[in-house]
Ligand SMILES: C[S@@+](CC[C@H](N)C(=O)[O-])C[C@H]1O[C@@H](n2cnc3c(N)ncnc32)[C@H](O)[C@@H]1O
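Just one chain is shown here, as structure tokens, and it is the form predicted on its own.
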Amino acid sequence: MNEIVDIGLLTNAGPVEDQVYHGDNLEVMKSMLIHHDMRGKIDLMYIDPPYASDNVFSTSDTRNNTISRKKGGEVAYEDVLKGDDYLAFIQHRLLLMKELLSDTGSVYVHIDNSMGHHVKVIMDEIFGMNNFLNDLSRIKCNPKNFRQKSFGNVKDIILYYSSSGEHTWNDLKVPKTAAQIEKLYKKINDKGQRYTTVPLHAPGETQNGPTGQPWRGVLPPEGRHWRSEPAVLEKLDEDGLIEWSKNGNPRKIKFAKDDEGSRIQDILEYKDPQKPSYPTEKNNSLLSILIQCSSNPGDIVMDCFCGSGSTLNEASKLGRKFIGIDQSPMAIEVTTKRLGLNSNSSSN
């Protein structure tokens, strides 16, 4: 049965996955390597660590995401490490994460724009510059009108690295909205099907291949080539998938019903929840996308700064195994309720 596990129980035999550990993630990860032979066993890691913000995050009866040093609220966690101390804190944990990560695994580090470039240098050293995959920009909030001598900040970043270059990747598509479909597929045929048309040629000339040859006596426009060989174009026309203009210009028909959705780009608009259960809680849909793209059902997903348990919750819903770690008693309490876990811990 899933449990909240005290760090002192990590030396016990038994499964490590589908567990949440209450303690310093540095010590928990060391114990996983020493006592549970978890080296190379984690398929996906996502962390949203402290940002060196020099803030104390607390909650109160009226607000769940307060940044304050005032008395009265219950402290969730302190983000007070700065400079070299902060970078050493991150580096030590990333080194252990690298040891735990499988050869086909990958890691996402959610960070802000003030520390992101420093953390990227560390990740280049640990995971390798060649294994850097993306610097994702995440739109986190609505535009602000703060008075400051700089541009407004509405984003943070997610650094995405592969363990070895042979990482798991599922090319997830996001379905288009009804408004997008209507805008992109403006034509309607006699069967009531929405469609659009696209050119049959593409930039670049083919010197000797069939895509540079005439089709039905017509060459592709100067400086371009047919997207498919003439035999393929002939089959498309036979299947009614080419529309001819009044001037005899052929264009390929694309139906809205066949649209697989949009490929996810490196700017993601998934704003933070308005009423979080824990300070700095991240958007569930964002985490769901990252998990689906970079892991498969049955894989182990780890978040060693698990906070409210959002990553673990989404991993469980998607059929992945999970490992969560956090030192904050409040984080453990929120995660316990969220995942319906049993408690098998004492305070650390």
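A quick note: this is a predicted structure, and the numbers were derived from the prediction, not measured. Note that residue numbering begins at 1 and tracks the sequence as displayed.
The following text describes the form predicted together with this ligand, which does not appear among the structures shown.
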| property | result |
| --- | --- |
| Among 276-284, 33-41, 292-300, 315-323, the region lying within 4.5 Å of this ligand in the model of the complex by heavy atom distance | 276-284 |
| Contact residue in the model of the complex, chosen from Y195, Y86, W215, Y77 - any heavy atom within 4.5 Å of this ligand | Y77 |
| C304, heavy atom within 4.5 angstroms of this ligand in the model of the complex | yes |
| Non-hydrogen atom contact D18 with this ligand in the model of the complex at 4.5 angstroms | no |
| Contact label in the model of the complex: S58 to this ligand, heavy atom within 4.5 Å | no |
| 4.5 Å heavy atom contact, T336 and this ligand in the model of the complex | no |
| All of H117, S137 and D156 with a heavy atom within 4.5 Å of this ligand in the model of the complex | no |
